[in-house]
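Consider the single chain below, provided in structure tokens and representing the form predicted alone.
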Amino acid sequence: MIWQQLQSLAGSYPLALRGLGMTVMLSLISLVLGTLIGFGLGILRTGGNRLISSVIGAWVDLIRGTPFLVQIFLIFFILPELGIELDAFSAGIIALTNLAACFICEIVVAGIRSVPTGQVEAALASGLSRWQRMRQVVLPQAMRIVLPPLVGQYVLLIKDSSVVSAIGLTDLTRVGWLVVQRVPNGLLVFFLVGLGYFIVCYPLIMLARRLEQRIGAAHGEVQL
């Protein structure tokens, strides 16, 4: 019985590879766009304009405080009623990018606010413009704080990408649902699906761990 199931699973290898490729592509595009937008929102939120900061903060809180499944349903099913037609892939990219941008925005804000005020005041006294202060003084120091949680957020985003299967996108999770209809062994099928996500996420997990160790070691050297 198990041998027959393994043979059936072997026959589903091309479909599984396609689903894994879709998951990687969807995650990669969303990570790049979400990082760029998230950094931009984080910089704007700490820029001193209360109105902009409040608007960005309200949007970030709304996205972080609602289920991602609800968000992707709103984008995929509600926007067409407003005249905005989106295919499953585009809806998935928009939803994941927005989710990533909001979480990364908070990470960036925390990193920027961790920079000692004296450093900013010294840069201001040197005659640097706001953009020069941000680019040359604030961001380089903030990145040491930002990088570990940023990489950790990438791992979470890759796992959250499994939700796109709910709108019919053939990612790794949806492949699992398709295969389990032919191979009635859900434990085995979704163990392999989970293993696929782990293979994709593990290098990022190790990278985040190494960054945390390096920052911890550097912090210890400063204290000594």
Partner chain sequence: AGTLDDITKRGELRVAVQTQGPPFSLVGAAGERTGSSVELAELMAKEMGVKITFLDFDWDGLIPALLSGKADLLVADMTPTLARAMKVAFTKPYMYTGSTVFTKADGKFKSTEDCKAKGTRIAVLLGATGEKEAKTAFPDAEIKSYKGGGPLLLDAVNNGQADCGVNDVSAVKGQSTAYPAGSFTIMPDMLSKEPLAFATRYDEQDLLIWMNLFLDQVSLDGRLQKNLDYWVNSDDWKKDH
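We call the rigid core the largest set of C-alpha positions that still match within 1.5 Å between the two forms. Just so we're clear, the structure is a prediction, and the values are computed from it rather than from any experiment. Numbering follows the first chain given and starts at 1.
From this point on, the text means the form predicted in complex with its partner chain, which you will not see here.
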{"query": "Interface residue in the predicted bound form among L28, L69, V55, L36, criterion: non-hydrogen atom within 4.5 angstroms of its partner chain", "finding": "L69"}
{"query": "Partner contact for F89 in the predicted bound form: its partner chain, 4.5 angstroms, heavy atom", "finding": "no"}
{"query": "Residue contact check: G186 to its partner chain in the predicted bound form, 4.5 Å heavy atom", "finding": "yes"}
{"query": "L15: touches its partner chain in the predicted bound form, heavy atom cutoff 4.5 angstroms", "finding": "yes"}
{"query": "4.5 Å heavy atom contact, G48 and its partner chain in the predicted bound form", "finding": "no"}
{"query": "Residues within stretch 61-99 having a non-hydrogen atom within 4.5 Å of its partner chain in the predicted bound form", "finding": "L69, F73, F76, F77, P80, E85, L86"}
{"query": "Displaced residue check between this form and the one not shown: I37, CA, 2 Å or over, core reference", "finding": "no"}
{"query": "Cα displacement of G168 between this form and the one not shown reaching 2 Å, rigid core superposed", "finding": "no"}
